[in-house]
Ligand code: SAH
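What follows is a single chain, given as structure tokens, in the form predicted alone.
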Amino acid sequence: MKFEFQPIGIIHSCFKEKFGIPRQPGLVAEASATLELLSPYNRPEAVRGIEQFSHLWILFIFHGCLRSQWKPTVRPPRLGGNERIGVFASRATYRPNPIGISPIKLERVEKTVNSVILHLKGVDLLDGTPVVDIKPYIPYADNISEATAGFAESPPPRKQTITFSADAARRCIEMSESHPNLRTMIEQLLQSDPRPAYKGEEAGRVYGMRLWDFDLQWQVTGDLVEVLALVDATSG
């Protein structure tokens, strides 16, 4: 039995590369994206009533992690990145069928005659992600109070202290009009420590990731994280 799906929409996200994307939805509440519905699904009546829901289930393709072969075990970051468990006991991106699902906050709906765009927050989605379905999040059915979660029973601890260099703080202020709450988003992102879990601390290393149209650069010393710079990615 074989199935084929056509994307119903495309994600336009602040995350331009895989490194640094939050490992779960909602960990970085200020992380934003839009979901643009594609023709012929971009009809206003297709989302009639969706604005009544605060959150949506977004089903998508891990398009940045496609492989010709799959592996039965993976190394979850929550277990230090070294212990292996079954792929179906994880949310790893490398799966037999590269399908992901995330509960995402719906901020607002933008509709015109030929366009439907959903504005989202708390995303863990790479820019360009193909979306295959949208379903409303139903609190009484989807929030299971007695559920248990194995090795991920509680959120990861946020022990890092985030500081900004004078230049980075100034750039956050300068960019606040185009990117509201930018400094808060960066703090939330780095408190989740996006570095690979299986690597030890590398003294003096400068880390970087692409956000929107700039590169975020930071350095880690113990539990102290210093944001060094926000560098225009279009320069040079």
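Residue positions are given as counts along the sequence shown, with the first one as 1. Since the model is a prediction, treat every value here as computed from it, not as a measurement.
This next part talks about the form predicted together with ligand SAH, which is not shown.
- Exactly one of the stretches 81-89, 68-76, 121-129, 145-153 approaches ligand SAH in the model of the complex with heavy atoms within 4.5 Å, and it is 121-129.
- Ligand SAH is not shown here, but in the model of the complex it comes within 4.5 Å of a heavy atom of Thr93.
- Interface residue remark: Phe62 is counted as part of the site for ligand SAH in the model of the complex, having a heavy atom within 4.5 Å.
- In the model of the complex, Pro25 approaches ligand SAH with a heavy atom inside 4.5 Å.
- In the model of the complex, ligand SAH sits beyond 4.5 Å of every heavy atom of Val225.
- Shown here without ligand SAH, the chain has no residue in 109-123 lying with a heavy atom within 4.5 Å of that partner in the model of the complex.
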